[in-house]
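One chain follows as structure tokens, the form predicted alone.
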Amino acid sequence: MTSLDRILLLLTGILAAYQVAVGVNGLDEVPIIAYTIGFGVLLVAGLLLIILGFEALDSPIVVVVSTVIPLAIALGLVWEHLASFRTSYLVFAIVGFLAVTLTRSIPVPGKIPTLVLAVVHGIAGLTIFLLPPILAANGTMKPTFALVGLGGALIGLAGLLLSFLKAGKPIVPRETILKILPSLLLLMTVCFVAGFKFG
């Protein structure tokens, strides 16, 4: 890990800490909890990468942690903007997290762990990617709220890259993933913070 990587990860952590401390003010209890968990995990993950280096990505817990961030942020968005889906999405988030944790904790045959991960990541990622631009387009939120959707696309990309890397089936070479990961995480966090603040 280069000094530039560590600086990018530190900036990511600072922005995530800002979102936890300031960006959730004035929201309902469940979105505050969800966003705090999502951005809090992002902050801790960034700090661990700075301290331990990219070797931290070899830990089996990485797949589970990389699932918490999109699930929590997606839950916060649904709870805020899609009242009729609150309970069902909360159930999905809990069941999805438990399914990913279970399939990564015990030996599961075949492609079931990858399938579970793809479904959970896919639904959470699509929620973050599609909901903010739709709300911005129909006038419910300001146009800049669509930046949250861009952040969702980037978190989905980062999550999939890490997941397939961890599964031993990387989409692109490991070196490429490690080279772009700090920049990807920073850009994603900038989009989230700007979208939530100005949207």
Partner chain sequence: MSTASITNHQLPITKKIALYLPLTKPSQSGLLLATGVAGYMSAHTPPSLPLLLVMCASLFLAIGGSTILNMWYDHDIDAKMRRTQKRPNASGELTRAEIFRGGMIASVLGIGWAVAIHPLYGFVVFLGWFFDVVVYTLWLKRRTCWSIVWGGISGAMPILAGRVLAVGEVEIIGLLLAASVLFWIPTHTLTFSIKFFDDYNAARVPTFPSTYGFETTRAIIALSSIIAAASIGTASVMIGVQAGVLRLLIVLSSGLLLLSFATIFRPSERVNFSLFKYASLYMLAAMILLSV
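Bear in mind that the values here come from a model prediction, so they are computed numbers and not experimental data. Residue numbers count along the first chain shown, from 1.
Only in words, not in the display: the form predicted in complex with the partner chain, which the text now covers.
The chain is drawn here without the partner chain; in the predicted complex, the stretch among 126-134, 139-147, 32-40, 154-162 whose residues come within 4.5 Å of it by any heavy atom is 32-40.
In the predicted complex, residue 44 approaches the partner chain with a heavy atom inside 4.5 Å. Contact check for residue 24: a heavy atom falls within 4.5 Å of the partner chain in the predicted complex. Residue 177 falls outside the set of residues with a heavy atom inside 4.5 Å of the partner chain in the predicted complex. The partner chain is not shown here, but in the predicted complex it comes within 4.5 Å of a heavy atom of residue 48. Using a 4.5 Å heavy atom cutoff, 52, 56 and 59 all lie near the partner chain in the predicted complex. Residues of 1-21 lying near the partner chain in the predicted complex, listed in sequence order, are 17, 20, 21, the criterion being any heavy atom within 4.5 Å.
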